[in-house]
Ligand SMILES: O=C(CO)[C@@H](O)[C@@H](O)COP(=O)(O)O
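First, one chain by itself: the form predicted alone, in C-alpha coordinates.
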(Lines give C-alpha, C1' and ligand atoms only; values in the text may rest on other atoms or scores of the structure.)
Protein backbone atom coordinates (compact mmCIF):
# COMPACT_ATOMS: atom_id res chain seq x y z
CA UNK A 1 0.00 0.00 0.00
CA UNK A 2 1.13 3.55 -0.72
CA UNK A 3 1.56 5.73 2.35
CA UNK A 4 -0.56 8.85 2.03
CA UNK A 5 2.18 10.74 3.85
CA UNK A 6 4.35 10.40 0.73
CA UNK A 7 1.88 12.19 -1.55
CA UNK A 8 2.89 15.62 -2.91
CA UNK A 9 1.31 18.51 -0.94
CA UNK A 10 -1.08 19.50 -3.73
CA UNK A 11 -2.28 15.90 -4.06
CA UNK A 12 -2.69 15.57 -0.31
CA UNK A 13 -4.76 18.76 -0.29
CA UNK A 14 -6.98 17.53 -3.11
CA UNK A 15 -7.42 14.20 -1.32
CA UNK A 16 -8.39 15.91 1.94
CA UNK A 17 -10.98 18.05 0.14
CA UNK A 18 -12.42 15.03 -1.68
CA UNK A 19 -12.76 13.05 1.56
CA UNK A 20 -14.62 15.93 3.18
CA UNK A 21 -16.93 16.40 0.19
CA UNK A 22 -17.75 12.71 -0.24
CA UNK A 23 -18.42 12.29 3.48
CA UNK A 24 -20.73 15.33 3.59
CA UNK A 25 -22.70 14.32 0.50
CA UNK A 26 -23.65 10.98 2.04
CA UNK A 27 -25.99 13.01 4.26
CA UNK A 28 -27.94 13.93 1.12
CA UNK A 29 -28.73 10.26 0.52
CA UNK A 30 -30.44 9.98 3.91
CA UNK A 31 -32.00 13.46 3.61
CA UNK A 32 -33.77 12.44 0.40
CA UNK A 33 -34.65 8.94 1.70
CA UNK A 34 -32.61 7.20 -0.97
CA UNK A 35 -30.98 4.64 1.35
CA UNK A 36 -31.68 2.60 4.47
CA UNK A 37 -29.32 1.51 7.24
CA UNK A 38 -25.86 1.13 5.65
CA UNK A 39 -26.91 0.56 2.03
CA UNK A 40 -25.76 2.85 -0.76
CA UNK A 41 -22.52 4.69 -1.39
CA UNK A 42 -20.80 7.60 -3.10
CA UNK A 43 -17.36 7.71 -4.68
CA UNK A 44 -15.42 10.47 -6.41
CA UNK A 45 -12.14 10.76 -8.27
CA UNK A 46 -9.40 12.73 -6.55
CA UNK A 47 -8.61 15.49 -9.08
CA UNK A 48 -5.34 15.06 -10.90
CA UNK A 49 -4.75 11.52 -9.61
CA UNK A 50 -5.61 7.89 -10.27
CA UNK A 51 -7.27 7.65 -6.86
CA UNK A 52 -10.88 7.50 -5.74
CA UNK A 53 -12.55 8.09 -2.38
CA UNK A 54 -15.47 5.84 -1.42
CA UNK A 55 -17.68 5.03 1.58
CA UNK A 56 -16.45 2.32 3.95
CA UNK A 57 -18.35 -0.96 3.99
CA UNK A 58 -21.10 -1.50 6.56
CA UNK A 59 -20.65 1.81 8.43
CA UNK A 60 -23.83 3.67 9.39
CA UNK A 61 -24.30 7.11 7.90
CA UNK A 62 -24.21 8.89 11.26
CA UNK A 63 -20.81 7.34 11.95
CA UNK A 64 -19.16 8.46 8.73
CA UNK A 65 -16.26 10.91 8.99
CA UNK A 66 -13.87 12.27 6.36
CA UNK A 67 -11.14 10.12 7.88
CA UNK A 68 -13.24 6.96 7.50
CA UNK A 69 -13.63 7.47 3.75
CA UNK A 70 -11.49 4.87 1.97
CA UNK A 71 -8.90 5.84 -0.63
CA UNK A 72 -8.48 3.31 -3.46
CA UNK A 73 -6.69 3.08 -6.77
CA UNK A 74 -8.57 2.70 -10.04
CA UNK A 75 -8.64 -1.07 -9.60
CA UNK A 76 -10.45 -0.76 -6.26
CA UNK A 77 -7.47 -1.62 -4.07
CA UNK A 78 -7.15 0.44 -0.85
CA UNK A 79 -3.89 2.39 -0.69
CA UNK A 80 -3.73 2.59 3.09
CA UNK A 81 -4.63 0.54 6.14
CA UNK A 82 -7.98 1.33 7.72
CA UNK A 83 -11.62 0.67 6.93
CA UNK A 84 -12.55 -1.78 4.19
CA UNK A 85 -14.12 -0.08 1.17
CA UNK A 86 -17.70 -0.57 0.01
CA UNK A 87 -18.56 -3.95 -1.47
CA UNK A 88 -19.40 -2.01 -4.66
CA UNK A 89 -15.87 -0.62 -5.02
CA UNK A 90 -14.86 -2.90 -7.90
CA UNK A 91 -17.95 -1.80 -9.82
CA UNK A 92 -17.16 1.89 -9.24
CA UNK A 93 -13.53 1.36 -10.21
CA UNK A 94 -14.51 -0.35 -13.46
CA UNK A 95 -16.64 2.66 -14.38
CA UNK A 96 -13.76 5.06 -13.73
CA UNK A 97 -11.33 3.00 -15.80
CA UNK A 98 -13.65 2.72 -18.78
CA UNK A 99 -15.45 6.10 -18.65
CA UNK A 100 -12.70 8.67 -18.07
CA UNK A 101 -15.21 11.52 -18.29
CA UNK A 102 -16.96 10.27 -15.14
CA UNK A 103 -15.87 12.01 -11.95
CA UNK A 104 -18.24 10.35 -9.48
CA UNK A 105 -20.51 7.34 -9.00
CA UNK A 106 -23.49 7.01 -6.64
CA UNK A 107 -25.41 3.86 -5.72
CA UNK A 108 -28.78 3.73 -3.96
CA UNK A 109 -31.71 1.40 -3.43
CA UNK A 110 -34.30 4.20 -3.50
CA UNK A 111 -37.79 2.74 -3.28
CA UNK A 112 -39.59 3.71 -6.47
CA UNK A 113 -36.59 3.51 -8.81
CA UNK A 114 -35.62 0.14 -7.37
CA UNK A 115 -39.19 -1.07 -7.89
CA UNK A 116 -38.75 -0.34 -11.61
CA UNK A 117 -35.42 -2.18 -11.46
CA UNK A 118 -37.13 -5.16 -9.80
CA UNK A 119 -39.48 -5.33 -12.78
CA UNK A 120 -36.59 -4.92 -15.20
CA UNK A 121 -38.43 -2.00 -16.75
CA UNK A 122 -37.03 1.31 -17.97
CA UNK A 123 -38.71 4.49 -16.73
CA UNK A 124 -40.18 6.13 -19.85
CA UNK A 125 -39.36 9.78 -20.50
CA UNK A 126 -42.91 10.94 -19.97
CA UNK A 127 -42.51 14.27 -18.12
CA UNK A 128 -40.57 17.43 -18.89
CA UNK A 129 -38.44 17.25 -15.73
CA UNK A 130 -37.21 13.87 -16.89
CA UNK A 131 -36.37 15.17 -20.36
CA UNK A 132 -34.46 18.02 -18.73
CA UNK A 133 -32.28 15.88 -16.49
CA UNK A 134 -32.02 12.57 -18.33
CA UNK A 135 -32.73 13.38 -21.97
CA UNK A 136 -34.16 9.92 -22.48
CA UNK A 137 -35.74 6.97 -20.71
CA UNK A 138 -33.84 5.78 -17.61
CA UNK A 139 -32.47 2.47 -18.92
CA UNK A 140 -32.22 -0.93 -17.30
CA UNK A 141 -28.84 -2.65 -17.03
CA UNK A 142 -28.25 -6.40 -16.76
CA UNK A 143 -28.50 -8.36 -13.54
CA UNK A 144 -25.13 -8.90 -11.90
CA UNK A 145 -23.97 -10.15 -8.52
CA UNK A 146 -22.38 -7.82 -5.99
CA UNK A 147 -18.69 -8.09 -5.13
CA UNK A 148 -16.84 -8.04 -8.43
CA UNK A 149 -16.76 -5.74 -11.41
CA UNK A 150 -19.74 -7.32 -13.24
CA UNK A 151 -22.02 -4.51 -12.09
CA UNK A 152 -19.52 -1.97 -13.38
CA UNK A 153 -19.41 -3.75 -16.73
CA UNK A 154 -23.20 -3.52 -16.94
CA UNK A 155 -23.20 0.17 -16.03
CA UNK A 156 -20.62 0.98 -18.69
CA UNK A 157 -22.32 -1.13 -21.36
CA UNK A 158 -25.69 0.50 -20.65
CA UNK A 159 -24.68 4.15 -20.22
CA UNK A 160 -21.98 4.46 -22.88
CA UNK A 161 -23.46 6.71 -25.56
CA UNK A 162 -26.64 7.26 -23.50
CA UNK A 163 -27.75 10.67 -22.26
CA UNK A 164 -29.07 9.35 -18.97
CA UNK A 165 -26.69 9.65 -16.00
CA UNK A 166 -28.74 6.96 -14.23
CA UNK A 167 -29.16 3.24 -14.81
CA UNK A 168 -31.48 0.80 -13.05
CA UNK A 169 -29.49 -2.37 -12.57
CA UNK A 170 -31.99 -5.19 -12.90
CA UNK A 171 -33.31 -6.56 -9.61
CA UNK A 172 -30.74 -4.50 -7.71
CA UNK A 173 -30.94 -0.71 -7.60
CA UNK A 174 -29.80 2.61 -8.98
CA UNK A 175 -26.36 3.73 -10.13
CA UNK A 176 -25.71 7.28 -11.28
CA UNK A 177 -22.68 9.00 -12.72
CA UNK A 178 -21.62 12.63 -12.93
CA UNK A 179 -18.77 15.03 -13.49
CA UNK A 180 -18.48 15.25 -9.70
CA UNK A 181 -20.13 13.80 -6.62
CA UNK A 182 -22.72 16.57 -6.29
CA UNK A 183 -23.98 16.08 -9.85
CA UNK A 184 -24.13 12.29 -9.40
CA UNK A 185 -26.09 12.72 -6.16
CA UNK A 186 -28.47 15.12 -7.92
CA UNK A 187 -29.04 12.49 -10.61
CA UNK A 188 -29.88 9.92 -7.92
CA UNK A 189 -32.34 12.32 -6.27
CA UNK A 190 -34.00 13.14 -9.59
CA UNK A 191 -34.09 9.47 -10.62
CA UNK A 192 -36.14 8.59 -7.56
CA UNK A 193 -38.40 11.63 -8.02
CA UNK A 194 -39.33 10.87 -11.63
CA UNK A 195 -39.63 7.13 -10.97
CA UNK A 196 -42.18 7.90 -8.26
CA UNK A 197 -44.10 10.39 -10.41
CA UNK A 198 -44.36 8.11 -13.43
CA UNK A 199 -45.32 5.16 -11.21
CA UNK A 200 -48.14 7.17 -9.63
CA UNK A 201 -49.32 8.38 -13.04
CA UNK A 202 -49.56 4.79 -14.29
CA UNK A 203 -51.95 3.92 -11.48
CA UNK A 204 -54.56 6.05 -13.27
CA UNK A 205 -53.99 4.92 -16.83
CA UNK A 206 -51.44 4.64 -19.62
CA UNK A 207 -48.41 6.93 -19.61
CA UNK A 208 -47.09 8.14 -22.93
CA UNK A 209 -43.49 8.98 -23.69
CA UNK A 210 -42.84 12.54 -24.83
CA UNK A 211 -42.20 13.04 -28.52
CA UNK A 212 -38.48 12.71 -29.26
CA UNK A 213 -38.22 16.23 -30.69
CA UNK A 214 -39.65 17.62 -27.46
CA UNK A 215 -37.25 15.55 -25.37
CA UNK A 216 -34.34 16.82 -27.46
CA UNK A 217 -35.46 20.47 -27.15
CA UNK A 218 -36.05 20.24 -23.40
CA UNK A 219 -32.73 18.52 -22.78
CA UNK A 220 -30.82 21.09 -24.82
CA UNK A 221 -32.51 24.00 -23.02
CA UNK A 222 -31.88 22.59 -19.56
CA UNK A 223 -28.29 21.56 -20.21
CA UNK A 224 -27.21 24.66 -22.14
CA UNK A 225 -29.53 27.57 -21.26
CA UNK A 226 -31.23 27.00 -17.89
CA UNK A 227 -29.76 28.62 -14.77
CA UNK A 228 -27.09 31.25 -14.23
CA UNK A 229 -24.37 31.35 -16.87
CA UNK A 230 -20.98 33.00 -16.50
CA UNK A 231 -20.37 35.92 -18.77
CA UNK A 232 -24.05 36.87 -19.18
CA UNK A 233 -25.51 40.26 -18.32
CA UNK A 234 -28.86 39.01 -17.05
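Positions refer to the first chain, counted from 1. Here the structure is a predicted model, which means the values were calculated and not measured.
There is also a form predicted in complex with this ligand; it is not shown, and the following applies to it.
Every member of the trio 38, 57 and 109 reaches this ligand in the predicted bound form with some non-hydrogen atom inside 4.5 Å. Mapping the unseen interface onto this chain, residue 45 falls outside it, with no heavy atom inside 4.5 Å of this ligand in the predicted bound form. With a 4.5 Å cutoff on heavy atoms, residue 87 counts as touching this ligand in the predicted bound form. The closest non-hydrogen atom of residue 157 lies beyond 4.5 Å of this ligand in the predicted bound form. Proximity of residue 127 to this ligand in the predicted bound form falls outside the 4.5 Å heavy atom cutoff. Only one of 79 to 87, 112 to 120, 131 to 139, 160 to 168 places residue heavy atoms within 4.5 angstroms of this ligand in the predicted bound form, namely 79 to 87. Shown without its partner, the chain has 146 as the single residue in segment 127 to 156 with a non-hydrogen atom within 4.5 angstroms of this ligand in the predicted bound form.
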